[in-house]
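To begin, one chain is listed below as structure tokens, in the form predicted on its own.
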Amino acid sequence: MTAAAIQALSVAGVSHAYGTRKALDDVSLTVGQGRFAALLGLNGAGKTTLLSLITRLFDTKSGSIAVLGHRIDRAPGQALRQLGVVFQARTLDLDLSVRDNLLFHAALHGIAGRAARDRTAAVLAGVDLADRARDKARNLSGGQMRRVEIARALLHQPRLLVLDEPTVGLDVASKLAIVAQVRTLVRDLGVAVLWTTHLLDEIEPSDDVAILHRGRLMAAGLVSDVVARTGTASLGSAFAALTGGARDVAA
């Protein structure tokens, strides 16, 4: 298989249960290199469970997951080196400076000294926060904290970035800034993105989308193709048609 043919993310036949409750049921999807892919579903659809499996917070017991061709159950080190993660919950140390939060994370990845300092400066510049490097994290706004978390996820130069509902709790301006920042990464750096959301306005017609409902994948492909296959006029209408009338995704 050529490098160009390898998917940034490949999920094949993945199921997961919490006791007797099945959270994911035979889910298969891919994210191409340099693509922005949205995982769309209501709260409880299984989005966070899938990201927990991709990031190895949970072990995969049914099916397989590969990052840039590396199976996470067989070559976890190689897979996770290609993966950057932004969790829904805030994970910065509020008592450390922005710079020190990133330097600590760099050390976890074996990046130290001049390389760590240079990468920290570069990723902070990339999210327009170079001027806040010495500020304590607690003094940032919610949107700025999220941008620092994105910068931190990019320190080890991953090829796939996964973000779990990254705009939850942000005001409209901050939300728009975060979406634009991540799309810039896709365009300028060729990073692949899996972006989980329940917000339709975060998804563009040229994006890939995977619709997850009650643990099952209902459709996947280009937004325009999913809409066409359902014979509807919009992604919101397609979502409702595929999920039996569920309309709690936000326009």
Partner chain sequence: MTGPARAEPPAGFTLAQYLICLRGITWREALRFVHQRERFVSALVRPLVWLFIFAAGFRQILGVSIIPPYETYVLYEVYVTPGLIAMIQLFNGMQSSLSMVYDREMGNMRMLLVSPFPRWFLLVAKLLASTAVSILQVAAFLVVAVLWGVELPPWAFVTVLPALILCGLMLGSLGMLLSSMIKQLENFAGVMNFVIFPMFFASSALYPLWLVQQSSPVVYFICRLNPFTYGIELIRFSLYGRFDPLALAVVVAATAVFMTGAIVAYDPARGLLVRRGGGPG
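Residue numbers count along the first chain shown, from 1. What you are looking at is a predicted structure, and each value in this text was computed from that prediction instead of being measured.
Another form, the form predicted together with the partner chain, is not on view; read the next lines as being about it.
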| item | value |
| --- | --- |
| All of L80, F87 and Q157 with a heavy atom within 4.5 Å of the partner chain in the predicted bound form | yes |
| Interface membership of T197, the partner chain in the predicted bound form, 4.5 Å heavy atom rule | no |
| Contact of R146 with the partner chain in the predicted bound form (heavy atom, 4.5 Å) | no |
| Non-hydrogen atom contact I65 with the partner chain in the predicted bound form at 4.5 angstroms | no |
| Close approach of A37 to the partner chain in the predicted bound form, 4.5 Å, heavy atom | no |
| One residue of L96, L176, A130, L140 in contact with the partner chain, assessed in the predicted bound form (non-hydrogen atom, 4.5 angstroms) | L96 |
| Sole residue of V226, A45, L217, V193 within 4.5 Å of the partner chain in the predicted bound form, by heavy atom | A45 |
| Members of 94-118 lying within 4.5 angstroms of the partner chain, judged by heavy atom, in the predicted bound form | D95, L96, D100, F104, H105, A107, L108, H109, G110, I111, A112 |
